[in-house]
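Only one chain is shown below, in structure tokens, and it's the form predicted on its own.
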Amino acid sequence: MASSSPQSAQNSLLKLENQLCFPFYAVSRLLTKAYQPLLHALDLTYPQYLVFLLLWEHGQLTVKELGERLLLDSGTLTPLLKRMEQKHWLSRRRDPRDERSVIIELLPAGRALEAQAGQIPVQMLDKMQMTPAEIAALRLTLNHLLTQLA
């Protein structure tokens, strides 16, 4: 039987049940896992879905803008975008006004996925068994925390 030292037993800050990081970690993993079968039906990964959410909203964005919005660096984003380009979902082109900038734009096949993905948020809301108001309040809190940590 393992025994704990009196010092660590007294430090409630080091108890797993008192950590904020663990529920975030566990919920993140489980939430991503819940998305997987829904996205698999569309041949999408979760990061690809996030890119599509922004492109469906804006039509086109630069790699830099995508990275800023998704909190991803270009080293992570570039291979992801290349795979999406190979599937003819989007195009990548240099901005003629600034050769350093790459513009990402939806192609018809990528735009068509929007209609197919339309039920994913509804299905996820059902899985989470939370009201839209509860989701909105949670999102507000999480976005505040994200702003503080970013």
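Just so you know, these numbers come straight off a predicted model, no measurement behind them. By rigid core we mean the largest C-alpha set that fits within 1.5 Å across both forms. One rule holds for the numbers: they count along the sequence shown, beginning at 1.
Although it is not shown, the form predicted in complex with another copy of the chain is what the next lines describe.
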query	finding
Residue (of Arg97, Arg29, Arg100, Arg93) lying close to another copy of the chain in the model of the complex, criterion heavy atoms within 4.5 Å	Arg29
In the model of the complex, Pro37 touching another copy of the chain (heavy atom, 4.5 Å)	no
Distance check, Glu114 to another copy of the chain in the model of the complex, heavy atom within 4.5 Å	yes
Partner contact for Gly118 in the model of the complex: another copy of the chain, 4.5 angstroms, heavy atom	yes
Proximity of Lys64 to another copy of the chain in the model of the complex, heavy atoms at 4.5 Å	no
Residues in 53 to 88 close to another copy of the chain in the model of the complex, defined by a heavy atom within 4.5 Å, in order	Leu53, Leu54, Trp56, Glu57, Arg69, Leu70, Leu71, Leu72
Shift of Leu16 between this form and the one not shown at or above 2 Å (CA, core fit)	yes
After fitting the core, Leu142 CA displacement of 2 Å or more between this form and the one not shown	no
